[in-house]
Structure formats: structure tokens, C-alpha cells
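This text opens with one protein chain seen in two forms, each one given by itself as C-alpha cells under the names structure 1 and structure 2.
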Structure 1
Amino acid sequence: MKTPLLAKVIVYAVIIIGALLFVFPFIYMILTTFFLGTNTLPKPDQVFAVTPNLTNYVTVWNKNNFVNYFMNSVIVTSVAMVGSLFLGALTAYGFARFSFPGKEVIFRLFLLTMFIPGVINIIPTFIIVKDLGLVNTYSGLWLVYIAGGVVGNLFFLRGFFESIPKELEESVLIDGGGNWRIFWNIYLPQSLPAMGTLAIFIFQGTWEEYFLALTLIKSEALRTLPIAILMFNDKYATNYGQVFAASLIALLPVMLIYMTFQKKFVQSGFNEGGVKG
């Protein structure tokens, strides 16, 4: 089928304008990082006249324990992401493939907890973590991050797991494999698109989370990156150049994760045709 040239031009124009519209604030943000000692967001005419420089990036990198907190965040987030994905997938597998008494009731109960915003629970959560002796440890933080994510991940993955043909399991059973092997060799590889998408969500959510981290972590040395960024908001004046430079550095891993996993979620439906008829 051939599209008329004019229609093509219009479509592309709309797409390009749309893309520019979305990317514009981001470019504005990048350009703002080149301003030194500014306490207002610069005006458009100033923004495009600025000479690019890395002064703010260097300042920010060396300030407020930025590097330490960056590494702390990497540790906290990667463990939370792997743990959360694994536990979420296991739970979803259970709910998708096994029947046990009260399954639907438990599932509904799980969903019910999703209606309560996590921050409302912060004081009870804190007291539980304290009673476990896990205040001021990453284990405490992981516990809450991973456990807190199970229900959402289960909800996300269950439907996906149920769409995987049962016949695939039989091939494992014929080869003498058990439930574990079915999970590991069939469900995980078959649901990579969903897992990839979920990984991005979990990573982003954990990477940006600061309130719980600030509440549970009491010593400065263990703090995470969002707290370092908050430190740039001074009580009296905010240096926007530095805040944006810090935010941009913090954004890099998120972009990296997006680029790594985006291939996965583009390929949804690749398991179609795995079974005949």
C-alpha cells in the first residue's frame, strides 16, 4: 500500500512536533545545569545563549557525599530489584498455576492492601522494622521494598503467566522435571517482556524513593541518592543549576535501565506459536 506523500508529511510533522514537545522540558533542564549561582529558573532567551560547561556537575559530584550515596543507591536498588522480581514472579507462579484453598480470597485480600498508600503505613512499618532490630540497616530497607512490591508484581505478572500455554509445561514433565524447573525454564524465559517492564518500574520506584529511606536509615553514611539531591535544596536559597545537575546524574542509571530493557518489552507476544494448533 502506498501512502500519498502529503499524508506522510503531515504524519511526520505531527510526530516530530509531539516529540519536540516532550523532549523540550528535558533540554531546558540540561541547559539549566550550565548556569552558575542562579536562584531562579533562567528565561528562554538566556537558556539558549548559555555556554555549555561541566562546572556544576563537578561541584555536585564532590558535594554532599554524592558519590557515596550514589553507590549506596546502586546497592540498595539492585538488591531490591532482583529480590522483588524473583519473589513477585514466584508468587505469581503460585497463583497462576496451583490451586489451593482460599486462593481467590487471598488474592483479593492482597489487592485490598494496594488501596492503602504506602506512606500512610510509614509509622507502623517503622515500628515493625524497629522491633525486628533492622532500623538503620539495608536489610530493613530491602525487607520493606521487596515485601512492599510483592502484591503489585503479583498483580502484574499473574495474568501474564496465565496466558502461557499449559502444554509447554508438559514438555518439562515428560523430561522428568518438576515445578521448579517449569518455573525456571518455561515461565521466566517466556515472560521476559513482562519481567523487563516490571524491572524498569521497580528500579525507578526504588531509585527515586526517599521518604522511607530517610525514615529507616539514621546514619549519614548509609543514606541513598535522593537524600543527597534533597540536600541541594538549601533552607534559604536553591541553586537550580546544581539541583538539576544532580538530578541529571541521578537519572543516568534509569535511562540506562530503560535502554537495556526496552528491547524486551517491545517484543511482546513472541511466545505465540510456541505450541501447535
Structure 2
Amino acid sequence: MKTPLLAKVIVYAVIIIGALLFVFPFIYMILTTFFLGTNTLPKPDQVFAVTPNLTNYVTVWNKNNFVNYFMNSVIVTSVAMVGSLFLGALTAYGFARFSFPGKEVIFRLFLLTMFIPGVINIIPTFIIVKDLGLVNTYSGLWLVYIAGGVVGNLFFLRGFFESIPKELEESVLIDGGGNWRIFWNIYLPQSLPAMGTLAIFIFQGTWEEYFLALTLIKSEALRTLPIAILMFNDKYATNYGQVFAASLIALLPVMLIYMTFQKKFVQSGFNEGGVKG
């Protein structure tokens, strides 16, 4: 059945308007970074008349130890992402392939913790980390970030692992391999699309995390990038050009991670054909 021309025009018009609504704030943010010393948000007609320049980007990069905070975030986020993915995959593998008493109860308890807002837990979390002597250390941050990431990864990867045919394990068992080789040689390679998707979400969530990092890290030298961006807000006024420039610089690693892993986004039927019928 052929779609009428008027219906196509209406559909495309709705799509274009929707896209513009989502993209315009981002374009406005980029153009605002070209204003120097502005403490008020420019009007739309002023924004589109501004002359592009990189002055605010250079200023931000060399101000308030921004580079140090940027590198701190790179270290914290990278370790948290790798740790969450690896331990989450191991945990999901255990739940997907092994039977043990109380498995489903424990799994549901894991899921229950996902629905508790992190802000509510911030005081108990701080007390636990303090008792462990990990306040003002990256180890304390990694402990909380990785533990939280494992829960989310478990929920996502368990179902993914259960969809992998068990027949694929037979080749490893015939060669005398054990559970570790099955996990490493079968499940991890087969789950790369899911792992790539999770890597994007974990990196973004950890990179942007603010409240926990502010609570656990007391030393200025160890603080992370979201706190550095806040420091561009002056006591009595906000330099929007510099704040937006700092935010865009902070956005670059997230975009890089997205472009790196976007080809690994979950694809249905990726393991079809892995087992002969």
C-alpha cells in the first residue's frame, strides 16, 4: 500500500521538529562558549551572530587545575569501568550457568538494590567506606562504583549469557578445558556487543558522578572533573562561556567512548549459526 505524499510530509516534519528541539540546546551551548566574560545567558539572536573563537576553551584548560581533575576522572572512570565489566560478567556467568541454593532469591535481592536511589544510601555508604579506612582514596570510590556497576551488569548480562547455546561449551570441554576457559573463550567473545553497550553506560555514569565523589574525596588534588566544573561558578555570578566550555571538554571522552563502542551495540541473533543444526 502506497503512503500518501501528505502523510510522508507530516511524518518528516514531525521528525525534523523533534530533532531540532533536542539539538537546539546543544547548539546554543556550543555557541555560548564563544562569548567572553558573559554572566548572563545570551539571547538567541545574539548567539547566532557571535564570532567563533577558542579563548574560553584555552582559559578553562589552564584554570583551576582543570587538567589534573580531568586526568583524575580518566583514572577513576577507567578502573571503575573495567572492574565493573569484568566482575559483572563473572557474576552473571555464575548466575547463568550454575545452580546453587537460593540463587533466585539472591538474584532478586541484587535487583532490589537497583531500585534504591543512590542519594538515600550516601550516608551509610560513607560510614562503611570510613570504617574501611578508604575515605579520601580512589580505592573507596572504586569500591562503590564497581559494586554498583556489578548489580546493573548482572541484570543485563545474565539474560544475554543464557541465550548463548550450551553446545558451544562442548569444544572447550573436549579439549580438557574448565569453567574459566569456557568463560574466557566462549562467553566473553560472544558477549562483546553487550559488553560494548554496558561500557558506554558505565563510563558515562561514572564520568558524570558528582555527589559520591564530593562526599568521599576530601583532598582537592584528588577531586574529579564534575567538581572542577562547579568551581567555574563564582560566588556572585556565573561565567556561562567558561562553564559551557568546561562542560563540552568534559563531554569529549564520553563521545569518544561512544564512537569506539557504538558498533558493538547489542545486535539480535549475533550468535545464530554458531551451532550447526
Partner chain sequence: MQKKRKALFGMLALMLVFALAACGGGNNNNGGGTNTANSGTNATNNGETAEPAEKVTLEYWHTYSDAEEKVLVEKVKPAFEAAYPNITLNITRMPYEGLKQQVIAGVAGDAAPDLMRMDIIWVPEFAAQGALADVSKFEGFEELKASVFEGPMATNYYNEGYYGVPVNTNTKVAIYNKDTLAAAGLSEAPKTMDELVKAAEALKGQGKYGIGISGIHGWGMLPWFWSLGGTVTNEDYTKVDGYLNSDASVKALETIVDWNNKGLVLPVMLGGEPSAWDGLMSGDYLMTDDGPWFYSIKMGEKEATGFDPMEKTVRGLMPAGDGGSLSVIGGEDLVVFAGSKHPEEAWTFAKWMLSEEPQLMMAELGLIPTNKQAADKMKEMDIPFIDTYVQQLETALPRTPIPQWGELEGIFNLSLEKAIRGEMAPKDALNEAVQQIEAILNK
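The term rigid core refers to the maximal set of C-alpha atoms that superpose within 1.5 Å between the two forms. Computed from a predicted model, the values in this text were never measured in an experiment. Residue 1 is the first residue of structure 1, and the numbers go on in sequence order from there.
Asks: Structure 1 or 2, which would you say is the form predicted together with its partner chain?
Replies: It is the first structure (the form predicted together with its partner chain) rather than the second.
Asks: Is it true that Met255 shifts between structure 1 and structure 2 by 2 Å or more at the Cα, once the core is aligned?
Replies: It does not reach a 2 Å shift.
Asks: Core-aligned, what does the C-alpha of Ala19 shift between structure 1 and structure 2, expressed in angstrom?
Replies: A shift of 4.2 Å.
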